[in-house]
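A single chain comes next, written as C-alpha cells; it is the form predicted on its own.
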Amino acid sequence: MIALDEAQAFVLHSLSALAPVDVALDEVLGCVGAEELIAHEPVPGFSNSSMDGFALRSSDTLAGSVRLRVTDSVRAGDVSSLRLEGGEAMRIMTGAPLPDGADCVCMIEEATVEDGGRMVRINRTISHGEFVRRPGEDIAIGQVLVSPGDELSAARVGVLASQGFTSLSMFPRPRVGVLSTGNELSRTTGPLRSGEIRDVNRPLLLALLRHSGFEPIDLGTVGDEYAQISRRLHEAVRACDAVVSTGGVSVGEVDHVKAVISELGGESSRWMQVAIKPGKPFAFGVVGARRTPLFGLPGNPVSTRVSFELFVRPALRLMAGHLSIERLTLNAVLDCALPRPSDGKLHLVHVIARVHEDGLVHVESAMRQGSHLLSATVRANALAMVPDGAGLAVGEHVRTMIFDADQLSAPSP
C-alpha cells in the first residue's frame, strides 16, 4: 500500500491548467480568470446623490436653518440644464447627477417642503459632500478587477458588468466523461434479473461533477470485456478533457480497467493500493498529446464518492485554473467516539458536523460504515479522517473535510 498523499501527488504532478478560452460574461460564474483585467471607467462615472432629497450648497446651511427656493427636479438618468445658485435647492432622486453648483444633499426625511413645493426648509447644517457619491469612489481607472487565478463570484461578475465587459479570457470548465463498467449493471429500467444491479456510480458522479462546477458527459456503461473497455476509453480520452471510470480496478480476473489505463497511459500511469478505507484500489494515467487524465475508481458507491473527493475533484479544479483545489478541511471536536481497528490505513468516515455555541466545529454523529452503504451517507456533510490506531475518543480532535459548508450552521436533525 502507498500513503494517500503520495497517490494525490502522483495525480496532481501530471496535470496543468487547460488553455484559456473566451467566455461570455453570463457564463463565467465559478470560472477562473486567466488574465489581469483593469478598470477603464470610473464608477460612479459622475457625482450623484445617494439619497432621495434636495441638492443644495452646504454654505447655505451654516446657520443651521435655512429656507431655499426649489428651482428644478432631477431624476436618475436626467441632467438638469440649470445651475444651482446660492439660496436655491433642487429636488433630486437617488442616483441622479448632482446639479452644477451643488455640493451636498439633504435627505427627504430631514427637509420640510413648503409653498406647494416651491420652497424647502432645511433645519440643520449639511456638510460638504454629504450623501454625494463621487466619481471613482467605487472603482478607479486602472484598478485591478481580476487577477489570474481569481474565481469569478457573482460580485465580480457585477463589477465587470459595470465596465462593459461582455466576454473574458477564462480557464474553461473541464469536460469530464463518466463511464461505468461491469457485467452486473442493468442496461434497462425494467425489473432486475437475478444478479443484476442498477448503475449508481454514473448518476452519482455526473451529479458530483455538475455540483462542483464542471461539465459532465455521460459515457454510459460497458461490460467486463477488455476490448470493449479499451475501445470506449480510447474514444473518451479523445472527446473529453478528463475521463472517470468506475469498477475494474481491483484484483479480480475481470478487473480490466486498470490494465487499459496502463495500456493507454504507459509510463505515466499507475495502479495503486492506497492506504485508505474505503477507496483502496485506484488507477490513474495521462493519455496522448493532450495529456488527458484518466481516473479508475473502485466500483462500490461509497468508495467512488470518497475517491472523487480525494483525487478527482482536486485534479479537475487544478485543470480549471483554481489556486485553491482542496475542500475546506479543519480540526473538529468529537462529540461521538470513532473507534476502529489498526490496519495500516486512514479510515474515512462520513459524519455530521455543526458549529456549536462555543464557536467550534463539532462532529455530532457518524454514519453507518460500509463501501456499499451509500444511503447512509445522504445526511453527512463532512468526512472525518481517522488515523491508524485504536480510534478517537469523545473530546478529541479529528481532521475533517467539509462537503457542505452551508450545513455547518444548520440545526441538528
Ligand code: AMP
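Here the structure is a predicted model, which means the values were calculated and not measured. Residue numbers run from 1 along the displayed sequence.
The same protein has a further form, the form predicted in complex with this ligand, not shown here; the description that follows concerns it.
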For this ligand in the model of the complex, the stretch among 333 to 341, 178 to 186, 70 to 78, 230 to 238 with residues bearing a heavy atom within 4.5 Å is 178 to 186
Proximity of Val157 to this ligand in the model of the complex, heavy atoms at 4.5 Å: no
Look up in the model of the complex whether Arg198 has a non-hydrogen atom within 4.5 angstroms of this ligand, and give yes or no. yes
Close approach of Asp103 to this ligand in the model of the complex, 4.5 Å, heavy atom: no
Residue-level contact is defined here as any heavy atom of the residue lying within 4.5 Å of this ligand in the model of the complex; does Gly247 satisfy this criterion? yes
In this chain shown alone, the residue from Pro216, Pro172, Pro97, Pro301 with a heavy atom within 4.5 Å of this ligand in the model of the complex is Pro301
So this ligand isn't shown here. In the model of the complex, which residue out of Glu130, Glu88, Glu309, Asp255 has a non-hydrogen atom within 4.5 Å of it? Asp255
